[in-house]
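This text opens with one protein chain seen in two forms, each one given by itself as structure tokens under the names structure 1 and structure 2.
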Structure 1
């Protein structure tokens, strides 16, 4: 039986959602105009005032915001309330330039935790469940977001944060954790570790997992589900908008419901900025409808996906986004071909490998090279050079078919690629471009 945290809004009619979005957007645009000079200047440059925005149909008129704007306005330029009204800051995990800072009032945190509670409830969570939050705590939004959502859903919460795999497994076993929240790559590593300990899926108390913060494929989902004996749910979010819980997967597992009472989603052509029709693949853009401290309008996520309003078997009526197909800013262009790491991962998993791999891109004599290091599983590990060569050739052929270009493949021993307890480092681009 499907569970809902806030059924009156999660299952609201399209008319009710539209009316709410119109009202909140008009109010939010006025809030931004009055309190965020940086964005007001962008509106003035387009000849706009708040009176030009009367409903969500007028959203396309507003200027975009990008990560470049967030860096230019660092640290306080996009804050929409006095700092004395802010109670928390989170930050992205970027490694270059100024970090992206996001600010929260208590009201913002309450709404964010409601969004995370919806995700946990959709995964079957309730007051009889034990939720182990193995996302990182601190400036990263994952840990504290799911932590607060778990509380609101009435679950017993284990705030393990990331790392210390032996302790993670001990708590899962000893405290009978039923729902695991972490990155998919760490879930795969936990499953691999438990299997090596001799634990079968039936001996693991977990029933569900909520995994996000990095790209993962359907094949990786099935592998995690098989190893841990769970149902694996996707969750989506950005620090800039609040954190995880902007969208979440339901029992149907064919797209993530966007919390439309808090966010309006658009799909645009990443080159022209033109809004594209529903069902068309493009760049995802979000407008925050009720964030007080950090109210972003038309924020370009750089994630590539599609939206659909097809009726969902779970009963929720909010629009769904597909799993992002990649990003416009971390998409690899190799010898003129667009390559996404998720495509490579799909080929590996379809050939029986686990999601432990590394992509190395370089430029030799003005020509791009693509090398993929892939771990063999313990079952397939061998020192038979003929067998290794055969397997490498099979992957080379599979990748050529998927990508349209040749990749060099090197099979390596199990556990020889460094494991990650947070976001996995999948791509090393050595080109000076």
Structure 2
């Protein structure tokens, strides 16, 4: 039985969703115009007034917002209400530059937690479930977002936060946690640790996991599902837009439903900014519909993906986005070729290795080098030197056909690549350009 947190919205007809979006968009644009001078100037520069936006069809007229705008207006420039009405801030980790700060009123927190509650309910969560939130608590949206969502979904919530693997496992075992929320790399690490402790998937009480905040492949999903004996659900979000729960996966596990009552999604050509037809791959752009403190119109996520409105077996009617192929800032340009770490991960998992790897890019004699460091596993080790070398060569060939460029593969000792308890450091770019 599919569970819904807000079935009247999650399963509303397309007409109802469209009507709601049109109404909310007009109001949101008016709110931004009145209260966010930074964006108002952008609209004025294009000769636009709020009257030019009568429905979602007019969305394309509006100027884009990018991470650059967020940095320029740091910290208060895009805040749409007096600070006395705000109740919280969250912030990005700042890994790709200056931190981005997002502001919330109580209303914003409520709608965000509703989105997370939808995700938890879609993963089967209800009042008889015990949800362990192993995302970091703090400025990072992962912990508090899923925490609030878990409360709203009526689950017993264990706020373990990230880190301290032994304690995480103890809580899962002792309190019979049924749903785990964390980053996929940490889920894989927990699974690996439990297997080493001799726990079989049947002995682990978990039934589902909600994993997001970093890119992960379909193969990694299968690995995690197998070691933990669970169904692994993807969740998507950005601090700028609220946090996790902008989109979430349902029982169909083939794409994430975007909460369209709160966000309008578009796919654009990242070069021209032109809106692309449904099903075409491009950059994902979001417009918030119901935010007070930090309303964002046409915010460019830098995530590359596709959208589909095909009927979903779960009964939800909201548009689905595919797993992002990679973020434009994760994308490496090596010898002029676009390379996403997720592609490398796919090749590793297809060849029997685990997703414990690191990509080292360097420039030697004006030419880029790509080295993929892969940890040896008990499964892939054999006494036969020739066989190990053959498997290594198969990896090199697999990478070559996936990426279109040659990568060197270095086999390294188990656990020699630093494990993340938050986000994995996958890429080391030593090029000095």
Partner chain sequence: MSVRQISVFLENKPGQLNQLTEVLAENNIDMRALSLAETSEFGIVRLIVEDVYEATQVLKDAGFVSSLTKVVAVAIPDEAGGLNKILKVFTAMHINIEYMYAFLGGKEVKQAYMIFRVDDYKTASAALRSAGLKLLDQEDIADL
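This one's a predicted model, so the numbers in the text were calculated from it and none came from an experiment. Positions refer to the first chain, counted from 1. Rigid core: the largest C-alpha set superposing within 1.5 Å between the two forms.
*Asks:* May I ask which of the two structures is the form predicted together with the partner chain?
*Replies:* Structure 2, which is the form predicted together with the partner chain, differs in this respect from structure 1.
*Asks:* So, superposing on the core, is the move of residue 31 at the CA at least 2 angstroms between the two structures?
*Replies:* For residue 31, whose C-alpha is compared between the two structures after core superposition, the shift is less than 2 Å.
*Asks:* After a core superposition, would you say residue 391 shifts its C-alpha by at least 2 Å between the two structures?
*Replies:* Residue 391: C-alpha displaced by 2 Å or more between the two structures.
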